[in-house]
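Next up: just one chain, as structure tokens, the form predicted on its own.
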Amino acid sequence: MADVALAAPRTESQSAPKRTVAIPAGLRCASPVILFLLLGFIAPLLTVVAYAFATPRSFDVFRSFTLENFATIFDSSNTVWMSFAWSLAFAFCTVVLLALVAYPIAYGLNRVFGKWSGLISVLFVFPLFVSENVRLYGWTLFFIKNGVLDGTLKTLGLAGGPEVLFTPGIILFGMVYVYLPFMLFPMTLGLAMVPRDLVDAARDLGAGRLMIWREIELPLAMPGILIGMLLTFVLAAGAVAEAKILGGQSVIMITHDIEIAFTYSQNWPLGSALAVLLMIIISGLALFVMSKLDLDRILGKR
């Protein structure tokens, strides 16, 4: 009987081992972040893109497809392209000015505080704990007629302060003021990556100050500088509070048009189409600039 039992054929379930799909540990650990990105970033983005092709002044998302919203934007009688031009021009000027302002500050922080420069630069982030609108209204009270500056000068017997409010210049000033930390912090970290021993060795070998900056300091610090520039450009292109509060809407930014489409006009498809175009333009410009740079040389890979 035992021989017969041993000779009995096994069933398929008994003979075939169970196969389980092994999920890599890295994927398991990253799954909360992936889920967060899918729900918090990808899903809203896909919704905006879907609304861009919905019927104008409707909420038929995922149920209709039309290019009428984009046709409205590209209509020759529509002046929304001016808003795009103003936003991109202000963003570009903000990046250029902040690069010129933040680099000497970051360089000084690294030379004076050394390895503590990153911690010291965090002090420049403290204004972010105060609402941006509150800080901008503070500048409005400072520059407005009979305000802090104007009243102080008149008290001293001088002429009143300059009328700078509600001009493109004060809008640019507000953007430089607001986005300084976003340029300064990555730039400080980038300059902190430059080994001082390498600079000292180059100086001992007879390299001049300009050559050291061009051949050593700037290339090694370029990752942080690029991150600061891209981050500042993306944020500045979507700025709206500076033009509203300091500029008095003398200049209409594209984000203001998007806000109007979503609120007062209740035309979500048109606002979504404007948002999609803004994303495409910003992404295209960023990729174009990155394609023109030798990233392998900048990042020190060759």
Partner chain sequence: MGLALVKEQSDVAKPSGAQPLPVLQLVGVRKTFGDFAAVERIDLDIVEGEFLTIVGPSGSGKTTLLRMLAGMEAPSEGNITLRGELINDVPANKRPTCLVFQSLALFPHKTVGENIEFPLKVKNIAPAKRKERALELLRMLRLPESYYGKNVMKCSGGEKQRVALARAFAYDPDVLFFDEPLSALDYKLKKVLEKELKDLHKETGKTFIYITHSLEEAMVMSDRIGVMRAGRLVQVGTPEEIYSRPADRFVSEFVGEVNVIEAVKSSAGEWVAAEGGAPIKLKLPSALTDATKVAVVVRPEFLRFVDKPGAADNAMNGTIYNEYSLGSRIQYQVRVGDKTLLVELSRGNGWKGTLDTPVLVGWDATDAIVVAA
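Numbering follows the first chain given and starts at 1. As the structure is a prediction and not an experimental result, all values here were calculated from the model.
Note that the form predicted together with its partner chain isn't included here; everything after this is about it.
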Next item on the list: State yes or no: in the predicted complex, is some non-hydrogen atom of Arg203 no more than 4.5 angstroms from a non-hydrogen atom of its partner chain?
Entry: yes
Notebook entry, point to check: Quick one: is Gly208 in contact with its partner chain in the predicted complex, heavy atoms, 4.5 Å cut-off?
Noted result: yes
Check: If you check in the predicted complex, is Glu215 within 4.5 Å of its partner chain, heavy atoms only?
Finding: yes
Margin query: Does any part of Ala192 reach within 4.5 Å of its partner chain in the predicted complex? Heavy atoms only, please.
Written below: no
Next item on the list: May I ask you to choose, among Val125, Ala71, Leu198, Val96, the residue with a heavy atom within 4.5 Å of its partner chain in the predicted complex?
Entry: Leu198
Next item on the list: Counting non-hydrogen atoms within 4.5 angstroms of its partner chain in the predicted complex, say which of Pro219, Gly161, Pro181, Gly224 makes the cut.
Entry: Pro219
Check: Taking heavy atoms and a 4.5 Å limit, what residues of 261-281 are near its partner chain in the predicted complex?
Finding: none
